[in-house]
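Heads up, what comes next is one protein chain in two forms, each shown on its own as structure tokens, labelled structure 1 and structure 2.
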Structure 1
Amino acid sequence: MNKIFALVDCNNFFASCERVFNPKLEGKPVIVLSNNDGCIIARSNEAKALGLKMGAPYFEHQETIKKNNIHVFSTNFTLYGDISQRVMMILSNFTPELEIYSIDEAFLDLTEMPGINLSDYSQKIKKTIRQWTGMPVSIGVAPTKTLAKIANHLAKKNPDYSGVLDFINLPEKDKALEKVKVENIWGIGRKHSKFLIKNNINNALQLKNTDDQWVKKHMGVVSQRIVLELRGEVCYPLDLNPADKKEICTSRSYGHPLENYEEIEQATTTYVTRTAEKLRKQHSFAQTLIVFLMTNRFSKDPQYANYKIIQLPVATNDTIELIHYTVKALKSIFRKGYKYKKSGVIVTNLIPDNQRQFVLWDEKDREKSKELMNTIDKINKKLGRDKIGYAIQGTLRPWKMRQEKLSPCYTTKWEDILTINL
């Protein structure tokens, strides 16, 4: 039986989130910046039309921004995460067959919903989300995920579709595919589109009709699967239970360059604290810890970057233990006399609780540590992040990232809830 996938994708998600509680931004150009207010990472349609590119450095476009009165925001992940959850919750009312693919998009399997009109049903989903959350979405319906992505792309671009394209019942499918440039196909990135164009394969229709063995030979099996999916053959089924993460990374650029070891230590141990929390959240234990730091690659100052890999004697997700090894690693790679820009930690070789191996001479009381971490997590969940922190993290945080244009946390902070004056 043929499958029916729908891809629901929020339009310009971060920019739209900023609009939800600030309706006077409707119709105006809006951009959202990356951490540290570094790059432009989300743009409303109006901002796109002004030529602002994804990932462009913010400081290079000050003039355009001022001239066109573009509204600028720092990333407010608390707000975006909360709105995302609300959207996903609504989607789960429409079908239990739901795969949350990223913060702003989800695949739905509508195969087992006989009798529905796919277009009408999608319009209903779209309308409900808009009405209940204020978030505009586009929906593409197709027999494979790759085609659903394409249908979604077309629905977004062409106003005639009013945000929904049912590719399954589309009369002229090939004509639609012909309009999709090869670089806009899900899974075809910069390198591969360059290669395809060089070989005179410029759009989705041409790629669909390319010999898939040839594609496999020159571009690998991932690209071969894309060709098959374009022909309607499912290679990527719906994934209802995404697996635990195999690797967890926390790293950030500092608000300004750091030279002092103590400050770098404070920042990096704060990162590993976050990492340990993420580990405990998915009930994993790390066997390997990697700590890295680097100078600013864009600056003319002397450059230095290094990392240290530590095999942990006993798999752990205990913050105190991970801080201990992070400091050890950091001390071994820190060199005086450089202006550091960024550091981070990665934990990998993650295993679940029941696969842990213990050592005879282990001095740590692991039961006690587990209870301690549980308690700290509970308190911080209730009272706010780092309410209970570790002395080594420091309190002044001179390395903290810049977020000069942060919007209020409308939905998650009592002080930030809107007041309506009647």
Structure 2
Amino acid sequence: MNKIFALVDCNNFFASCERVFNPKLEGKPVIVLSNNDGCIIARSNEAKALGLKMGAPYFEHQETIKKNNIHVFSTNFTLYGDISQRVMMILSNFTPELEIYSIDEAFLDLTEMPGINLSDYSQKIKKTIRQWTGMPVSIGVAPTKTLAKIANHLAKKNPDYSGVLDFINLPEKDKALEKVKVENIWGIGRKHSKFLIKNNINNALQLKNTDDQWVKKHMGVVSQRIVLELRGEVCYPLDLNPADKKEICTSRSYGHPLENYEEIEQATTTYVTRTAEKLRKQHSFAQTLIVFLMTNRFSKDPQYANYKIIQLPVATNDTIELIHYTVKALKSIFRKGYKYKKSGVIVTNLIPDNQRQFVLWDEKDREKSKELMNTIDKINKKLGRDKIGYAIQGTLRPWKMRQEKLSPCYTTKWEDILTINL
């Protein structure tokens, strides 16, 4: 049986999340900024039409933003993550197999659902998501994931498709592929795009008809698989059991430069707390800890950057233990007289939490530690992050990243729930 993939992609996801609870923004330009309100990372179609580019520094476009009354928001990952989870839960009701590809995209396997009209079924998915979450989506259906990506891209660009394109039953497939620029093909990066264009391969149809051995020779086996997928041969099945991360990094730029060690310590121990939570979530232990600290390389102030690697005596995901070694590392690399912009924590050499090698002189009660961490995780999951924290993290958090245009967390905080006055 030939495979049937559907790619569901939320349109302008971050901007659309802001519109869900503020309908007055419909039809108006909206942008969302990166951490510390630095760069533009999401744009509504109206903002794109005004020439605002992805990744453009916010401060450089103040005049355009003011002149065109563009609505600006800081990233609200709590809100975006919750809406994403709701969309994915809805999608799981429409297919037996689902791969969550990113915060705003998912692949569905519709192969085992014979007898359905793919366009009608996709429209039903689209309308259900819109009705239950307010989120607009586009859907591309095709025999491979690469073609599903292309179908989704075309569904967004062409209003005649009403947000859904069934590429399997499309009469003129080659004409559709001819409209897709080679740089818009899933998996073809900037370097390979330039190489292909230099060799007069400018669109998806031309790449499809290129000799796959030539592609393999000049671009590698991954690009060769993309060519095969463009021809309808499945090279990328659904990834239903994504592999655990090989390393985990938690790092943020401070809301303003820090010189005081205590404030930097509060920030960095908060980062390692997040890292420990991620380790426990994927049932892993870390064997190596890396702590780094740096100034702003774009500043004219004196520059300094350093890091410390610690081989942990016993592999662990215990927050208290990781905080201890983080503080030890941070003290060894901190230098007075600098204005620091960023610090972070990386754990690597990860192993499953059932494969830890104990050492003879380990005096820590590991079972008691495990119970304590599990209890704290359950309480924080139920009542909200950091309801139980660690004193070394502080409470005022002057280092917290700048979010001057943050919208309410409508779906996750009681005090932010919308109220209606009748």
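Quantities reported herein were computed from a predicted structural model and do not represent experimental measurements. Under this definition, the rigid core comprises the largest set of C-alpha atoms superposing within 1.5 Å between the forms. The first residue in the sequence of structure 1 is number 1, and each one after it adds one.
Two forms of the same chain are shown on their own. Structure 1 is the form predicted in complex with the DNA. Treating the motion between structure 1 and structure 2 as two rigid parts, with each C-alpha given to the better-fitting one, puts residue 26 and residue 170 in one part. Relative to the larger rigid part, the smaller one turns by 10 degrees between structure 1 and structure 2, according to C-alpha superpositions. After superposing on the rigid core, the C-alpha of residue 337 is displaced by 4.1 Å between structure 1 and structure 2.
Here residue 262 exhibits a Cα shift of 3.6 Å between structure 1 and structure 2, evaluated on the superposed rigid core.
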